[in-house]
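Coming up is one lone chain in structure tokens, specifically the form predicted alone.
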Amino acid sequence: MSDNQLAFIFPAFTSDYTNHPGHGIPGFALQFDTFLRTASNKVDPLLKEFTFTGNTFLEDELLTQYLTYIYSCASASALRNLGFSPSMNAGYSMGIYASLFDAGSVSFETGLELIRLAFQSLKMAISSASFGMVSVIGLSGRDIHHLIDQYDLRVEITNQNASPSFVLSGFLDDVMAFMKLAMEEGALHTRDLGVSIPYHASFLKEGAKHFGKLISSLEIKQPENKIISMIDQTLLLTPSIIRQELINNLYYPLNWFRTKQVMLEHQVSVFVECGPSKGLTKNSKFVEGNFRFYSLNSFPLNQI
């Protein structure tokens, strides 16, 4: 496999560890345990109690972000140790931190600190208000905007996963109302994403600005491979551009659908989802093109 064909993709969160796709990757377990110990010392001692079948901490939003980051970093590190060197990577939403670690732009510990500071800044920004996020499949962007305008809903489209697949963020009551209205409008499926922060929505602008001040002294290096922005699909080439991307990533809408298309234009033909689930792999079927998209447990390791 030519390196310029390969890209690593990093997910935002996980909802379960049912398949634990990294267990068959040589070196993954040792790398995961090493990162888990580091994280438990750096950000939260509870992490050392994590197990894949017992203490998963899936009910804790921040711990889930840490664990998804740890899993993603361990996955990518194990693949690199096996000789796979991607020419490009991308972080889906909060997956940006693992993408930066993988590209050598931040240390593992700095990635943990970015997660902690972002979560705390956004929690402070929303105060006691109740927010949520929802995915919807089967409506067009135009249909969604019509519902938002017609019912004066305080929600925003914050990501497009495919032509008929979107994510919305907003005030919880309005998110719940939208789910009901979307199904009545003819949506095929809606799902409450179970998060309390309306990621990638304008409601978080002040929190993102505060986060920017907190990370001003953290070390960010020039990446060793290309990283693509999910906001505008440009390449994140310098530390200053990356620092601004980290801030914007909290309150700007994303477009995962367009990001995959642009990566194909950069001659990527093989994608690997470096994380504990298969959500992005399943989503890839909505994008046309000559490419292969693998989860960890389906990636053919003999293609070295």
Partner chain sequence: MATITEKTKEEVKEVVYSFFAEECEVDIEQINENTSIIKDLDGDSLMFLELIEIFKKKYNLDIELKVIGKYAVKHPVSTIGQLIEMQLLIIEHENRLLDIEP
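Numbering follows the first chain given and starts at 1. Not measured: the values here are computed from a predicted model.
This protein has a second form, the form predicted together with the partner chain, left out of what is shown; the following refers to that one.
- The partner chain is not shown here, and in the model of the complex it never comes within 4.5 Å of any heavy atom of G212.
- In the model of the complex, H145 stays away from the partner chain, with no heavy atom inside 4.5 Å.
- Contact annotation for L82: none of its heavy atoms lies within 4.5 Å of the partner chain in the model of the complex.
- In the model of the complex, the partner chain sits within 4.5 Å of a heavy atom of A187.
- Heavy atoms within 4.5 Å of the partner chain in the model of the complex map, among the stretches 130 to 138, 96 to 104, 109 to 117, 200 to 208, onto 130 to 138 alone.
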